[in-house]
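Shown below, as structure tokens, is a lone chain in the form predicted on its own; questions about how it binds or moves come after it.
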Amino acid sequence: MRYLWLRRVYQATFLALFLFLVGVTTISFISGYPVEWFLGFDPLVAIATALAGHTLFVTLAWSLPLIVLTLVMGRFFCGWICPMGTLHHFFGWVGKLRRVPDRVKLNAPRPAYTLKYYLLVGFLVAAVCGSAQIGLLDPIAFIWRAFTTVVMPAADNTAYGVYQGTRHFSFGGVIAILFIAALAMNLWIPRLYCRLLCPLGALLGLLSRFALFRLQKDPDKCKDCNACGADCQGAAEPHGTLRVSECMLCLNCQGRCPRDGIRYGFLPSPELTTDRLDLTRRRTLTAALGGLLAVPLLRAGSGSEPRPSPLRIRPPGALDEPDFLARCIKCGVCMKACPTGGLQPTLTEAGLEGLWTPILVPRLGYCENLCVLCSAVCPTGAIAPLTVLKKVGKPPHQEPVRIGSAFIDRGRCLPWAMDTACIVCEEVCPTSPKAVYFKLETVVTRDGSSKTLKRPFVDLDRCVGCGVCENHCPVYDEAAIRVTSVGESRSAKNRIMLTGGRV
């Protein structure tokens, strides 16, 4: 039982560490903490982004020790460290059946549990084709996205925004439903998400087939009571021939055994464990073909070509769209770090391939001129590291980083459409000299009187697309000045005119 308590201490410690890193991912507290550490510790993120982007980002080097330790100790990450796994473990305990025979039957291996291996194959083939889709189901990216867009905003909004201000995320309800559904699956079968869908668990399961240390039963002590199978978290059959790839080293079997008949040791007898996977060649090839075909099918709708979406305003420092989609794992860390709440998860704005990737929605929050947090916390390099000096530029030799351009809708602008004085967009423009400027124009009103107005214009040579003008525009619903992605620095094609570079 002391090993069970040790595991629980580790689970609680790493869950607390995860919550701490989520909590400090804000401009007020971040102070250089490696908030992306859990994602950097994820070997599936490292492998998939390396395949898709043809390089290993420096923060992902943490995954190499985990790979080595898994080859030695087995699939311990799932049972001892993974914060998503800890939540599944807890909710599985909440829904636990009372009778031991029922629990043994519920924990029996099922052919459906091989689905996670086929999903892993599909995701890796898609990565080879240049699309990093593993973030859809990877547990670390999943839990980060859920806490960023659902859990933390809900808690903070309930507390009247005392922590990070009120936050609202587009389509957060969809992410909430998926997160709650993943946890609710445990009320039916413990850790069903881990057994059925988790691609990281599948990768670690494959590696653990070569583990030097494994759990094994002692045939001299075992009386085939099957008590050890009642609380097995991975359907690993500890009461039979242990399935090494499914064993999460939760040690529940060891704690349940009344005769101390299960031990963790070095290279047990081959008769006591098995590294066999019940995968068929046909289904594996089908999964690979599915990953191969998924990328062009996802891009067929509204990908990066032939025209970029005007609503797809990526964070400053984001790579060009194909490279961005090859690296972004949809974790939402950049959204959590954004001080204004302007970075939002996409639904259709970047096509299905870009689902849950970050875009700037200026009406909800602008890009702070001197902030580079999104680039600092990105774990995969989808948002390249930036300094403030590089972001704002150093004229005349260094251009600022542009994420779009602002355009005035004269049909909604107060000075243009209603002959009403307004200078908000010029006042809040952060560039120097200001990108928004005025021209004095005298107009004749309906009653025949004359008045002089300051009518705004946008100097596209100065505009960086930060969105602060759109965010502060007093026209409440659809702003009279709006930012689109045209003119963004990251794209050589998304230009306003054919000559002269940007304009």
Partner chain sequence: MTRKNNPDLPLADALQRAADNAGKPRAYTRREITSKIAQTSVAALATLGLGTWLYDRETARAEPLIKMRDHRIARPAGAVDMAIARGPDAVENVRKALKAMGGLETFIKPGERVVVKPNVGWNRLPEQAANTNPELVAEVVRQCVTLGAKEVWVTDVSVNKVEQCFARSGIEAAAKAAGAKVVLPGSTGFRAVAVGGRVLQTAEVFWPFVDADKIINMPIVKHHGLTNATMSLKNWYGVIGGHRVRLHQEIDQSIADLAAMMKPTLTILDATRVLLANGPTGGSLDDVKRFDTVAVGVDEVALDAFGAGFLNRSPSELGFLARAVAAGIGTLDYKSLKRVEL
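These figures come from a predicted structure and were not determined experimentally. Residue numbers count along the first chain shown, from 1.
This next part talks about the form predicted together with the partner chain, which is not shown.
- Heavy atoms within 4.5 Å of the partner chain in the predicted bound form map, among the stretches 84-92, 280-288, 211-219, 98-106, onto 211-219 alone.
- Contact with the partner chain in the predicted bound form holds for all three of 56, 68 and 380, each having a heavy atom within 4.5 Å.
- The listed set 181, 72, 421, 128 contains one residue whose heavy atoms approach the partner chain in the predicted bound form to within 4.5 Å, identified as 72.
- Contact annotation: of the candidates 258, 385, 296, 173, the single residue with a non-hydrogen atom within 4.5 angstroms of the partner chain in the predicted bound form is 385.
- In the predicted bound form, the partner chain sits within 4.5 Å of a heavy atom of residue 267.
- Residue 64 belongs to the set of residues with a heavy atom inside 4.5 Å of the partner chain in the predicted bound form.
- Using a 4.5 Å cutoff between non-hydrogen atoms, residue 50 counts as a contact of the partner chain in the predicted bound form.
- For the chain shown alone, residue 116 is not a contact residue for the partner chain in the predicted bound form, no non-hydrogen atom being within 4.5 angstroms.
- Along 320-340, a non-hydrogen atom within 4.5 Å of the partner chain in the predicted bound form is carried only by 327.
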